[in-house]
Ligand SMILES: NC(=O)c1ccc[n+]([C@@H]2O[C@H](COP(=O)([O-])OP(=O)(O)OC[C@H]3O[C@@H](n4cnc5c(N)ncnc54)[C@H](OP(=O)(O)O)[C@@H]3O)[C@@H](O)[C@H]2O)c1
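Shown here is one chain on its own, the form predicted alone, set out as structure tokens.
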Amino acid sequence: MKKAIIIFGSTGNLTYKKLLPAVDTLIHEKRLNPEDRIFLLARHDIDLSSYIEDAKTQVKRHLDWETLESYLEFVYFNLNQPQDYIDLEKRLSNKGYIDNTFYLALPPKLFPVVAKGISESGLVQKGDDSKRIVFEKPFGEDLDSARSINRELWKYFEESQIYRIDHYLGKEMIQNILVVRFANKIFGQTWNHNTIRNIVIIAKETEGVMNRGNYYDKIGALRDMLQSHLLQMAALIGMTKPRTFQSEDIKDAKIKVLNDLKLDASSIVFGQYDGYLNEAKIDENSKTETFIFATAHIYNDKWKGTPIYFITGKKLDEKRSEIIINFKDDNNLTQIFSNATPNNSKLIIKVAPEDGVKFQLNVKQPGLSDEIIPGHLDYCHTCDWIGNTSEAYEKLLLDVLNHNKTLFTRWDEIEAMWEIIDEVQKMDKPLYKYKDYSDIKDIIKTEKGVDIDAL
């Protein structure tokens, strides 16, 4: 069956930086058939050759442009012109494209007009799962706006036709969380409050907002990172074993966690890095946070009393995303081993920039000494599979083409995550300035009594 990906917003940053490189990889991995096509829609009166020349100045990765070009078609398109949707439908039908993905690489405010045009032109019929739409976060700016967007989409599409992308779910080690947890019996009886002391979920960046000021200043760290990426990681870590590992059963297990998870309002610290107000397209009086620290609990029998610490922000000491599972010590550890260092046992799931899993445990120091030191069992995913690990968007695009929704976010997950975040957005919290990570760590230790370095 011939497949088509139709990209609305083909001259945007998302298409240049993520989608074109992903398509290039899928072609060379022979995941696209020679007759499949990518239709690039934009309101620019240019031809494909001109589009390619402009794209070459935007795309940083090396691409096989000659091969890629043979899969591309450029289409002049006005989102507000109903006839353009009708013409597109005829073009796809005449070329025999039946299995079609409509990728909305557009701001959410444009979704209603595009959804209406797609539906009324017959490009997509409600309930026909061979036609689907894909779009990126942010899924609204709060619960009300998210519900408004969703109601508009549900006028024209069934939930089964809607693919909401959280690109973190496409990362190798995020996909690997369920394998690490449920394909290793060692964790089956120990993955609960009896054995786990706390969970730390980190997403740190060294860069500032760069050229995303116009977007970021309206969203901030709370909605850009915690509302989506970090809560999704918490759901995967906290969920019980699903009935099956099919998409809907995994989502059913995640939504139970999200419904039980609450942020501790008194724990939250908002920060803004020095120099943020001088960044391009930032309001000079902006109160937008670029850092957030928060503690959460999952209020069920499995996780009672186990804190989850969220740490995310910009202009910090390193670029690192990982999940740290800190295990409890044996009650008699220091009685039996007087020189043992407490709190040494942990599992670290490394998400970025490295992919892998590291297990830290107590071991005897080599030689004549009886000292106990931390030892490491370290699996580097990217080291062992050089050239074979996929980027998030390659995996996500492939799953869309194969109608696999496991790594996409269902509406009730979006709703539950916004319910968590909306409670925080209502709070009037101080905004702390920080020059570097040590500043914000000191603030958290002083104001909240949490030593991040000791977690």
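The first residue of the shown sequence is 1; numbering continues from there. Please read these numbers as outputs of a predicted model, since none were measured by experiment.
The next section is about a form of this same protein that is not shown, the form predicted in complex with this ligand.
Taking the partner from elsewhere, no residue among Met1, Asp36 and Lys131 has a non-hydrogen atom within 4.5 angstroms of this ligand in the model of the complex. None of 358-366, 105-113, 251-259, 174-182 except one has non-hydrogen atoms within 4.5 angstroms of this ligand in the model of the complex; the exception is 105-113. The listed set His297, His167, Lys204, Lys346 contains one residue whose heavy atoms approach this ligand in the model of the complex to within 4.5 Å, identified as His167.
With the partner omitted here, the residue from Phe337, Tyr215, Tyr76, Phe245 that has a non-hydrogen atom within 4.5 angstroms of this ligand in the model of the complex is Tyr215. This ligand in the model of the complex is not approached by Phe408, whose heavy atoms all lie more than 4.5 angstroms from it. Among heavy atoms of Ile444, none comes within 4.5 Å of this ligand in the model of the complex. Put simply, Lys302 is far from this ligand in the model of the complex: not one heavy atom of it is within 4.5 Å. Although the partner is absent here, Pro138 is a contact residue: one of its heavy atoms lies within 4.5 angstroms of this ligand in the model of the complex. Looking at 300-326, no residue comes within 4.5 Å of this ligand in the model of the complex, counting any heavy atom.
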